[in-house]
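For reference, the chain that follows is the form predicted on its own, supplied as structure tokens.
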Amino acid sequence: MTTDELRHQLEFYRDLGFKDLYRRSPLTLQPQSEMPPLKIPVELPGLMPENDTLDKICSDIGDCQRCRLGATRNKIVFGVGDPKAKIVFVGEGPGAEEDAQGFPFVGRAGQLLTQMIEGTSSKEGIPIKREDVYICNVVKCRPPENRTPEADEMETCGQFLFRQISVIQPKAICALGSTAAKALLGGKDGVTKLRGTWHKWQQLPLMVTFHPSYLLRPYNQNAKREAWEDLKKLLHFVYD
């Protein structure tokens, strides 16, 4: 079994709530039919390598062909921002501009996200810029025609997202859109139900809000106001 496969198995059992594994003792004093074998607890190892770093994660991804997205993408879009950021923004996946440049949120949605971060922080008297946060996606390769990532694609890339957030250890996470929210929280609810209240990912506070691409549509004016309220709550929680 490869390291990636082992980590995937451990993550599966961890998500189910298991904290320990058990192995059979090699010694039994009586035949197995008469006495159950002694079980010795074995603590589950961590899901990330020791002394993990963003550079190591990027290196481990390599020229990734672990799922079907590797065959159609142009560039892997890893993440960008402060490696010690207090907030990590997580989107769905790269679009055409991101796929061409290799950086997340650089198209129209990315420009709006920058305005949201910097405009809200300025109005609230919080001196931060886009480069002070960390921005990444659930999947690192662009899905064809910008379709929603499939479950197995998100599962494959999820190990790297898990490691990114674990290395950065932000004070809070912001899930942008339903896909990111479902990937991080594991449920089926959409943004409308999840936004406005705090959730938890691995004990880290998580706020859900609308994806900037959704806010670009002209008929979503109410959603824009709600997204700004979400950001205000997020920024004050982290920086006050």
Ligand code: URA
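For every residue, the number given is its place in the sequence shown, counted from 1. Keep in mind the model is a prediction, meaning the values are calculated, not measured.
Here the subject shifts to the form predicted in complex with uracil (URA), a form of this protein not shown in this document.
*Asks:* Answer for Phe105 alone: is it within 4.5 Å of uracil (URA) in the model of the complex, judged on heavy atom distances?
*Replies:* Answer yes; at least one heavy atom of Phe105 falls within 4.5 Å of uracil (URA) in the model of the complex.
*Asks:* Does uracil (URA) get within 4.5 angstroms of any non-hydrogen atom of Gly91 in the model of the complex?
*Replies:* Gly91: yes, in contact with uracil (URA) in the model of the complex.
*Asks:* Please tell me whether any heavy atom belonging to Gly95 falls inside 4.5 Å of a heavy atom of uracil (URA), as the geometry stands in the model of the complex.
*Replies:* Taking the distances in the model of the complex, the answer for Gly95 is yes, it comes within 4.5 Å of uracil (URA).
*Asks:* Within a 4.5 Å heavy atom cut-off, is Arg195 in contact with uracil (URA) in the model of the complex?
*Replies:* Residue-level check for Arg195: no, no contact with uracil (URA).
*Asks:* Of these, 97 to 105, 164 to 172, 81 to 89, 120 to 128, which stretch puts a heavy atom within 4.5 angstroms of uracil (URA) in the model of the complex?
*Replies:* Going by heavy atoms within 4.5 Å, the stretch is 97 to 105.
*Asks:* Can you name the residues of 134 to 166 that have a non-hydrogen atom within 4.5 angstroms of uracil (URA) in the model of the complex?
*Replies:* Just Asn137.
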